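Below sits a lone chain in structure tokens, taken as the form predicted on its own.
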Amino acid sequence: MQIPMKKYHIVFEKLNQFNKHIKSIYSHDQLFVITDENVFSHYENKVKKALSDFNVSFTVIPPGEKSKAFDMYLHVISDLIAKGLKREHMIVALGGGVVGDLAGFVAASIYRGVPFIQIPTTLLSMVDSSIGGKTGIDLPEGKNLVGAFYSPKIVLIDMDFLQTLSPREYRNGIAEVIKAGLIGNPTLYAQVRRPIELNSMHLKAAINVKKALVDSDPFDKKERMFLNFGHTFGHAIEKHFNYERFKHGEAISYGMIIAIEIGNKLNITPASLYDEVKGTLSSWQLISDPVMTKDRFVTDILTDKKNTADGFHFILLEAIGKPVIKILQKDDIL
């Protein structure tokens, strides 16, 4: 199964078939894989066997959001140069969102740009972070404040990677599936309102929501901003707790609830939507009572990328499947 983007394809395939897809877009014999310690311990030998037509080298980083930092970015670049990376060589991002964002930014900037591909290994990265060409690293001031738009040559998805995820990590990705349904596919949202085992059709539906927005607005100027639903406060929550207490999907789940609360206050979002979405997120164990309130995180959102000179570009819901962009001032949020 393939999903065509404007600049590349997203391909659902088994790992042992990845060789042929990479060879169709790449003529050299060296691959430079960036991954984390967890993925490396599970998949080093399997990846080497699957990519046996290539000379594969690994750059391995610690797992977790703290690796998406400037010092790790410099470490990875130095390691790749030491291993012999040249401008025509291919970087492979093998892992979740942290690996994909970091590896993509390395690819975008080393030698002023080398080709790379995404092989996402988590549900979150399969339906969200590997798609759309956003790359970057975090700063102490906030998440994803340094980065570049840089598209992979291909995204290769094998859902068998999901078998090694912990239940919590699996739910972490469910949050983005729920978000995709809320902003662009009411049928998908209805299907995942209660815990189920996701199949490729659910992933394809979630990806197609993002595909439509990215294809229409590749540089995040208008419609693509709908994908930020829940992310303003979600990123603030992650930062507030030093990226240790909450996973990304858990944080944006609270962020979505806060966005619905603000929409209620401004008479944009129907009041009934709060309890309905809260019930959905609770059933997936993405949030718990008492639900965190927005007041303690207002300071943390001030350095968010969506806080522009004219105000916060905030995503609210008029209904399921009907997001809107509203420019809000601080008093609107409080």
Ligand SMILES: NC(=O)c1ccc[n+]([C@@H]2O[C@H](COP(=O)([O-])OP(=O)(O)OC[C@H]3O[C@@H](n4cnc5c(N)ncnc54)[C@H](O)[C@@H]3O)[C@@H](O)[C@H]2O)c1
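Worth saying up front: this structure is predicted, and the values here are computed from it rather than measured. Numbers follow the displayed sequence, beginning with 1.
Although it is not shown, the form predicted in complex with the ligand is what the next lines describe.
Put simply, of I34, V277, V39, L31 only one has a heavy atom within 4.5 Å of the ligand in the predicted complex, and it is V39. For the chain shown alone, N242 is not a contact residue for the ligand in the predicted complex, no non-hydrogen atom being within 4.5 angstroms. Contact check for E44: no non-hydrogen atom falls within 4.5 Å of the ligand in the predicted complex. Although the partner is absent here, G184 is not a contact residue: none of its heavy atoms lies within 4.5 angstroms of the ligand in the predicted complex. Although the partner is absent here, D300 lies well away from the ligand in the predicted complex, with no heavy atom inside 4.5 Å. Across the options 169-177, 191-199, 251-259, 74-82, residues that bring heavy atoms within 4.5 Å of the ligand in the predicted complex belong to 169-177. Contacts of stretch 152-183 with the ligand in the predicted complex, defined by any heavy atom lying within 4.5 Å, are made by F161, T164, L165, E169, N172, listed in sequence order.
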